[in-house]
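Read the single chain below, which is given as structure tokens and is the form predicted alone.
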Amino acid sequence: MNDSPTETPIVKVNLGLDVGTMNLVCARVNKASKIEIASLRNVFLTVDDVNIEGMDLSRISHARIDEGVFILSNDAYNFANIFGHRLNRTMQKGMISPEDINSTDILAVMIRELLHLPPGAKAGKCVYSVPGDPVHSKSNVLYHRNILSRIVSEIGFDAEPLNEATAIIYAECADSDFSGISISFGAGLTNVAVVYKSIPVLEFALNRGGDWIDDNVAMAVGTIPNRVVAIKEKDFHLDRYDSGRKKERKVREALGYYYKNLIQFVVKSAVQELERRDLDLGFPDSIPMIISGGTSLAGGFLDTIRAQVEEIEWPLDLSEVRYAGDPLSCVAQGCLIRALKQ
């Protein structure tokens, strides 16, 4: 008779990671076989910026890198609004920021926090999101993609990149045989993908997003962008400007103008790019258009983009224009689905 204890099998954990300019989002399958979502704001402040040097940081998310101390994520966002400071970003225009030498290290700290493994688990595949190459600038994603691969690999995962907009098709288009067009309205960029049966036909990015709106509104009304974000995320609607104090009403009105301009720009640019590539997009069936990303969550956004799509001759036969089931987490969920299919 064998009296030796039965060894507990090591669980291999596969993850999906959305690396966004404003938010980092991780998707994993929990013990109940349900998809579990965790997120962090992808922002930071130096301790000197908010004058709390010498205070107890034990209750504040922070990192010590070289000689600096940095407040991270949601705590950084809250302190920035309280003290009226502009937030620092680890990323700009959808990619690693070149403006702060500590950006990569700070991003690595936050990604490591999100990709934690439970006791006894082993790192498996982590599929992480990357943007497409922007069509209106000379930048490309090679450096950004490889930095993220290094960060994820150093944590212990088998790292694999996946285009952000293509990930949305994985998450949302099982009913259409993983065929569709997706537009991801992020903070730094707007990403577009056309996918047929899970194979990308076209992937590209447009160099406007939520940050473009926030920066222009802040400049127009004389405030800082993160205070614009706070108003935008509260209860903003594209066509309603009459709530809040006078300064807040001015911000809301300006937000409406820049939101509508962004939607017009994205729809027209996407059509122009599809026509410029002159690809044979003879899909045998109509396909859905999926709208996603944090910038798309404003009230009235979906109705406005539907109206824009109807006004212009779209190169593809669309069956519907709809939101993703969860516009904030569908990229991470699509990355997770890709990781689980390996």
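Each residue number is its position in the shown sequence, starting from 1. Bear in mind the structure is a predicted one, so any value in this text is a computation, not a measurement.
The following text describes the form predicted in complex with a small molecule, which does not appear among the structures shown.
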Original post:
232 to 240, 106 to 114, 215 to 223, 152 to 160: which one contacts the small molecule in the predicted bound form at 4.5 Å, heavy atom to heavy atom?
Top reply: 232 to 240
**OP:** Would you check, heavy atoms only and a 4.5 Å threshold, whether Val47 touches the small molecule in the predicted bound form?
**Re:** no
Original post:
Heavy atoms within 4.5 Å of the small molecule in the predicted bound form: does Tyr170 have any?
Top reply: no
**OP:** Give a yes/no on whether Ala187 approaches the small molecule to within 4.5 Å in the predicted bound form, heavy atoms considered.
**Re:** yes
**OP:** Would you please decide whether Leu318 lies within 4.5 angstroms of the small molecule in the predicted bound form, comparing each non-hydrogen atom pair?
**Re:** no
Original post:
Which residue among Ile305, Ala298, Met289, Cys26 has a heavy atom within 4.5 angstroms of the small molecule in the predicted bound form?
Top reply: Ala298
